[in-house]
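The data below hold one chain only, encoded as structure tokens and taken in the form predicted alone.
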């Protein structure tokens, strides 16, 4: 068969691992693999690249995506154009690595386009899978940054706020913050009390030289709302959150009289080569995808559940975001360690 391979939405460490594992597995089984360049744009613009074993070799170790991606182009209002573009490529099916937005945009074509999905988001907030690739790598970036920044915080007797990704789900802040034993972790699911946070900071000021706080970009105080840093017109998700770390840093200097700084990790969380954990995950998912193609088992997704890579209905990935449960055991871990959360 002639199988299209497409990566949509924001990039995530491990996308190249999916490309290599899917591509090599399918080529081994005698299929032709066609890279669709820049996500949905490649369908609209007829921009493709046949993938060879030589193209694929070693991709798993690289960040980014070899075939490009886009989080600015959707299918809404352009359904007929998209379907016509797909048909012109003479593909027998699409393997798509993306998030809920990518798969929702493909829903209108369920009857016309055979699709196999691979859940992708570093935010780790997709339903239907226990974990998404790229999340472990993003957490490692956060934990390494916190460990490094703690040295300068202690050297200068400062509070440092580290802002990380997480619009509505705080998995990166929680995972990365816990791994680095951050003093404070602020996540969207738990609006924080400024009064209690200030008391916590004042108490810490008497006990230690420096302090590290990990803040999700979507975190906000009780009675407040997330900070909107800027908007991207034409994007399916045009409001981009950010700025809470800077606001809190200024607030601490004003209210606690403790010198403070802020650091925004931003795209550093996307740009690191995948960890061994993410490499194993994408390798297993790629092999599972090839098996599904060979069995003509379409409209399913390769997911990680209960310790193994398996498959589930594609619709499972389009449920509401998987947020952090208030009773999640990681929350209790943080509280037991004396972390403000």
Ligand code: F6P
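Remember, predicted model here, so these are calculated numbers, not experimental data. Positions refer to the first chain, counted from 1.
The form predicted together with ligand F6P is left out here; the points below concern that form.
The candidate spot formed by 159, 183 and 260 is out of contact with ligand F6P in the model of the complex: none of the three has a heavy atom within 4.5 Å.
Put simply, of 110, 209, 267, 254 only one has a heavy atom within 4.5 Å of ligand F6P in the model of the complex, and it is 267. Taking 205, 78, 240, 194 one by one, only a single residue has any non-hydrogen atom within 4.5 Å of ligand F6P in the model of the complex, and it is 240. For ligand F6P in the model of the complex, the listed stretch (83-91, 166-174, 126-134, 141-149) containing residues with heavy atoms inside 4.5 Å is 166-174. By the criterion of a heavy atom within 4.5 Å, residue 121 is counted among the residues contacting ligand F6P in the model of the complex. Taking the partner from the other structure, ligand F6P in the model of the complex has a heavy atom within 4.5 Å of a heavy atom of residue 71.
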